[in-house]
Ligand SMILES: Cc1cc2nc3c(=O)[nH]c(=O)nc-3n(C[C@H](O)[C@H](O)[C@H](O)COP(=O)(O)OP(=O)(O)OC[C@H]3O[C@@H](n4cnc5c(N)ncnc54)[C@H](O)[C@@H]3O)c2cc1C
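Presented as structure tokens, the chain that follows is alone, the form predicted on its own.
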Amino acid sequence: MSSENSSADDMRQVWDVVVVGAGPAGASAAYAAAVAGRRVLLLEKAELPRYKTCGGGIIGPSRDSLPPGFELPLRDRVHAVTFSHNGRFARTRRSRRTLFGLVNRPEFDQQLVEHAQKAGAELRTGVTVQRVEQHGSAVPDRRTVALVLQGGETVLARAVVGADGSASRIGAHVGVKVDQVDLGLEAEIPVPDTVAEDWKGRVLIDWGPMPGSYGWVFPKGDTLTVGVISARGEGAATKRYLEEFIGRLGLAGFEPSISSGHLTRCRAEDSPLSRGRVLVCGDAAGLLEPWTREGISFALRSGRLAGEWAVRVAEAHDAVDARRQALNYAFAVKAGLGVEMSVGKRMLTVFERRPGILHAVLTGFRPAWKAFTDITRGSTTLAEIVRTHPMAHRALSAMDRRQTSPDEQPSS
């Protein structure tokens, strides 16, 4: 439906699917539902394009989840990775083939929204959802969900997809539970051509000084995206790590164009993915890779699933059928992304206690580097490698056992 036909009266009609949040998860959900021929409304509180704290790395699973005909607005293609351990023991590994691409999120997200619009979804920006109602005076019948917007307007839908980020109001309605919260800090640093040329096609990953922390440098033409992430509660140490990291890189003399921070939240294993006719996906559901905190591929994949299953929820004639379709969505998420997350949690535990071992293996053990390149290109997943490679399975199991040893002390 085109925006020319939209009006305040029109909004009193019942949409098939309303998606809240126009990031990668929301745009993917809106696209999937619109392609199925449904009336879809995409709500976004910001004006687009908008900045998002994110490295902007597009790995294979992200690329493979994009709509047909989507041309990635790549700022660089990565062929080399420099690994370091808190600034020391740096080693660069190279690949003849592209490992992954780098994008600026405002451009990438805007393009995803445009694809959803071309598929038939209608976009409204500058709209904040205050609350969700599935019962009560705002809801005309049991097949309808009411979204009450700031200002009092009510939007009605047969199904709702919450993709409104890690501080999601829709997630709060569903009852999303998290068991891992991390703080990411990032600076966009414009640099001269000579500096940009040195970083072209190469990223840096630095295993940091706090358990589970790491830093990154992602080149995007004349700007370097430099960031660090660590567990919430380590705010001062995380800020100090970023400052020291930038200093070590020789970038302290350049003024960042943007400095930002963001909390990432990873779902608990028993956290719900739906409530009634409301589904959640992406950051709103706490779906991201626990070790690397990679979220774009999880957003794109869970968003597409949410859009497809929201269509089925919208078609459900009663609460029992709606719940059945919502449970099918949850099963689809857990069978794929959930398995990857469980292995990622195990890897994070190993990494928190033994970052030095991980650094040595990645930089000095050829099969580990090959596994890294295969994962980033999307030809396999970490979960698949652990499942199918006996050596990887044994190594991770051995590390798991060492984590439970009562006299084992953390070491660097």
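So that there is no doubt, residue numbering starts at 1 and follows the sequence shown. Computed from a prediction, not measured in an experiment: that's the story for all the values here.
Just so you know, the form predicted in complex with this ligand exists too; it's not on screen, but the next bit is about it.
- Looking at G282, you'd find a heavy atom of it within 4.5 angstroms of this ligand in the predicted bound form.
- This ligand in the predicted bound form comes within 4.5 Å of a heavy atom belonging to G295.
- In the predicted bound form, none of the heavy atoms of H173 sits within 4.5 Å of a heavy atom of this ligand.
- Shown alone here, R105 lies within 4.5 Å of this ligand in the predicted bound form, counting heavy atoms only.
- Residues placing heavy atoms within 4.5 Å of this ligand in the predicted bound form fall in a single listed stretch, namely 52 to 60, out of 52 to 60, 373 to 381, 342 to 350, 358 to 366.
- The three residues E44, G165 and L288 all sit with a heavy atom within 4.5 Å of this ligand in the predicted bound form.
- The single contact residue among R275, R169, R304, H85, judged by any heavy atom lying within 4.5 Å of this ligand in the predicted bound form, is R169.
- When you look in the predicted bound form, the only residue of V217, V127, L74, A322 with a non-hydrogen atom within 4.5 Å of this ligand is V127.
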